[in-house]
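Just the one chain here, laid out as structure tokens, in the form predicted on its own.
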């Protein structure tokens, strides 16, 4: 049902055109570059809202490039899950673009904004593609732009982080390519809808199961799951706040999205095998991530380890492979993108006020900036799962599904990790806001521009809205889960590729 199909190409075309324009403007005044960047992100948000509206009405949208039919041609597709991911990408992309305009990006010498647009294009391409090889291509677009964003500031720490980041992602790409080659050799196609149909007859094929493991390693490295997570806390904490915020919010979730899409669609007949692997990996990811966070006293490193622990919840939800668990996973992904992006932005604001994000050197912010204390508490308590914020409903839905399935050990681990997450958030609160400043240290008290505060306030308001109206968002997540559990509408839309002008 290709109603308004060109619409789903706009999340790729708009950032591509904007990146080209911004490259031409790299020597222009910084305010002009950031203005163009913000305008493009606002346009992307408008497009994302229209995609959500069309998907809610039509079910699944598909675009067959050049009118070549699937599985021969390049196909873009958008269902409820894709639409939600494109929308949350646009929301966080706009928030970080506004923050970056106020915070400044001097060390990037005019290249931040085109790289930023290229990164958004890669993220949206990963969500919209209906083909595994093109998923690999969009991963590489993200890798190239994100690597330069890590390395371009040029310090020793940044270059070391960039090397680690690039090396691990090259390894992930190698696993991905090997899996693609083997799968193509078995089936003769890499279109995900076509693979879903053809692999039903290959349930007992060990070679097919080996490709699933290869993809799990590739996506797991990008998502930061156990035991492949160690590159993440070594990279994110040394990048400028706008870069760390967009990385924390989106990049690992692309890996999670790939797991959800591929393992529910392509390997729909092999879910029992995948569940045996995903559930222990999810639990170990939760545990190792939260213990890493509990041991840190530098805000970006605490938040980086918590990316890992929260990814574990999403992997567990996928491993349950039920309608309720997949809905909880979709809800959790969107909630976490909002909250984690906002926490990095607020960490940057704390650094702006005090000159540091090291907890040992901060203190007394509650007395100086009570508004900042409230702003921090909203995403922090949501991450810890305190009602009535979005994190509570995400975890509640996941725990309820685990109890129905009798997964007592998994749920016990999830609840324990939730308590330790709350401990880490309280640690930041006590150290940065509640305790007195260190004796003899006179902390600076710099003003924070309104444009730095506005994105944090907007994302906090979204988190509160998720908590106040969870039914609206959970209903959308359930519709997404229905399409994941029964991908027939997705398959039909992608393979229904015989437009009148097709060759």
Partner chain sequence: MNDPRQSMLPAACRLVVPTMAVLSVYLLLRGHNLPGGGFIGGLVMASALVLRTMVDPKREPKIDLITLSGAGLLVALASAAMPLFTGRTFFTGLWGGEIWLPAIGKLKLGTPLLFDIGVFIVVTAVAAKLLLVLMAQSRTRDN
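Numbering follows the first chain given and starts at 1. These numbers were taken from a predicted model, which means no experiment stands behind them.
Missing here is the form predicted together with the partner chain; even so, the following discussion is about that form.
Visitor: Only one of 31, 436, 56, 65 gets a heavy atom within 4.5 Å of the partner chain in the predicted bound form. Which one?
Guide: Exactly one residue meets the criterion: 65.
Visitor: In the predicted bound form, does residue 485 have a heavy atom within 4.5 Å of the partner chain?
Guide: Output for residue 485 is no: heavy atoms all beyond 4.5 Å of the partner chain.
Visitor: Is the gap between residue 230 and the partner chain in the predicted bound form 4.5 Å or less for some heavy atom pair?
Guide: Residue 230: no contact with the partner chain in the predicted bound form.
Visitor: Please determine whether residue 446 contacts the partner chain in the predicted bound form, using a 4.5 Å cut-off between heavy atoms.
Guide: It does not: once the partner chain is placed as it appears in the predicted bound form, residue 446 has no heavy atom within 4.5 Å of it.
Visitor: Quick one: does residue 273 come within 4.5 Å of the partner chain in the predicted bound form, counting heavy atoms only?
Guide: No, residue 273 stays farther than 4.5 Å from the partner chain in the predicted bound form.
Visitor: Counting any heavy atom within 4.5 Å as contact, can you tell me which stretch out of 44-52, 465-473, 22-30, 447-455 lines the partner chain in the predicted bound form?
Guide: Result for this chain: 22-30.
Visitor: Pick out the residues of 339-370 whose heavy atoms come within 4.5 Å of the partner chain in the predicted bound form.
Guide: Contacting residues: none.
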